[in-house]
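Here's a solo chain for you in structure tokens, the form predicted alone.
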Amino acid sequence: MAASIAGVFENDLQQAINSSKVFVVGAGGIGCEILKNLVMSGFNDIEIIDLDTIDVSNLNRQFLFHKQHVGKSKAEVARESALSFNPTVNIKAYHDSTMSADYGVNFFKRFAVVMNALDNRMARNHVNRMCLAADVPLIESGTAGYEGQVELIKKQLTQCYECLPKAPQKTYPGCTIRNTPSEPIHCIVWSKHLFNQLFGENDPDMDVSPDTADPDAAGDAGMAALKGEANDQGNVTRVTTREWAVKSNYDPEKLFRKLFHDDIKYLLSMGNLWKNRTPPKPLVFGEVPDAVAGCSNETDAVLKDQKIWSVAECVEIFSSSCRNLYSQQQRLDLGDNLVWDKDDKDAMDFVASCANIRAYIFGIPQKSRFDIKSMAGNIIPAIATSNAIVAGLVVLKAFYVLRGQLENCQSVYLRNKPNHKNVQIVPEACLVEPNSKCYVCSPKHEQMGVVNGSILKADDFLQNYELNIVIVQRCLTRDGPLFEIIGSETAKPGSPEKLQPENGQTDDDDDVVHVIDGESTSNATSSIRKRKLET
């Protein structure tokens, strides 16, 4: 390896490489390249973490994985493959989420540098905060097609990942999603909402039932359907999707009839919607086409996930995924819900099949499972060369960090095309200073004028709840006032209602913290009310 060959690196860097413990967060496209670079450079103590398992779609760019590895842990297989380059390296792999409580500030303090190779904003925010709290340099990286970036995040030296607001994800009007979809993405968003309605955390803003308040519909839209005779199959009585699913024991045929027949007929009763649009066609369970119109993909050359399913296949996959997800839901603790994950087979099958059935009903072209996964997971197609370039820059920045030359760690951008200076890998002129108003990394302390009876609101962005902190002065002592701090969890809009106990008592899910002369003790820990799907 490079660090073991005299003259490749200067002595100080060679020694730092040999003695430093580093942490790679993510074993995907960039993570595989970073791990390979670290091993080949001579790093001897590496830890890597990734929650995901290997999917066939990963094989075109995540070169440490091969066909026989599909379904296995990314972190563990990446470790095994990297050891084939240098069996003497100490690599520890974690098949886990970096947001787990097992990986707190003390865990991060063990490393000389942390390298992010993540694909979602929530995990990036978490690692950003852990590294700031541990005062450990973080090298953040990412790619989007042919573009990419690498930046150093160091407490009180550079801006952190959350110093500047990120562009919000694109949203779509609710009436379009529920009533008049015209693009595949509309059907995909509807299907993700449906997953939450049936199996996840119920959010009224994500209702999938027809919207009678649609401004394009008549004022009394759907009233004829409401006056119709109620039946035991569902939608005429306009019960919520979750209520109907529970009453039906999640029977796939009954769910299909409600979602793709009764609800569609209800939409057709809104005559104004279809004056200038092609009306949808309700489907009957067991009477659906068994071929894809205008498409011939029954060849060995088409990968399984890139094949467009017929409507009959979609119905079969919808039925099996419903049963499997309901079974998973039954095994959860009371109050827990499933969380949609693009890498969970049943969850992804459910969304893909529902989206294509709905697309067929509205005359919208159907998509392959591969394409739906990319759109549902907000995935921008990854380019292997972009990942390799960015990963190389990550390790070069790590060299500067280990030598204490942080001033040479300016952010670097990989551009889709050369700039006016004919350069595609473009560095910043200098380090970008922290945002003085950043609520995550700003060292500025605010005087809030906290007195007896003050109520503070603490917002936990990761667990989706707020805490009302009540300051109560109990008595005066020679050393000053003695305060008690009481926290009461408050559900956010769209989250399950939190029942407040009587007589001022708190239940086991509330945080109650007493502070006496600066010492704190906690007699309860708030629970996380949602679980990731088992894989």
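Throughout, rigid core stands for the largest set of C-alpha atoms superposing within 1.5 Å between the two forms. Heads up: residue numbers just count along the shown sequence, starting at 1. Just so you know, these numbers come straight off a predicted model, no measurement behind them.
This next part talks about the form predicted together with a small molecule, which is not shown.
Contact check for N37, L64 and R79: none of the three has a heavy atom within 4.5 Å of the small molecule in the model of the complex. This chain is displayed alone, yet in the model of the complex one of S73, N179, T98, Q159 has a heavy atom within 4.5 Å of the small molecule; that residue is T98. Checked against the small molecule in the model of the complex, the residues A117, V315, L198, L267 give one hit for a heavy atom within 4.5 Å, which is A117. None of 337-345, 427-435, 244-252, 394-402 except one has non-hydrogen atoms within 4.5 angstroms of the small molecule in the model of the complex; the exception is 337-345. The small molecule is not drawn, but in the model of the complex it has a heavy atom within 4.5 Å of A123. When the small molecule is considered in the model of the complex, E33 lies well away from it, no heavy atom lying within 4.5 Å. D45 falls outside the set of residues with a heavy atom inside 4.5 Å of the small molecule in the model of the complex. At the 4.5 Å threshold, heavy atoms of N58 reach the small molecule in the model of the complex. After superposing the rigid core, the C-alpha of K373 moves by 2 Å or more between the shown form and the other one.
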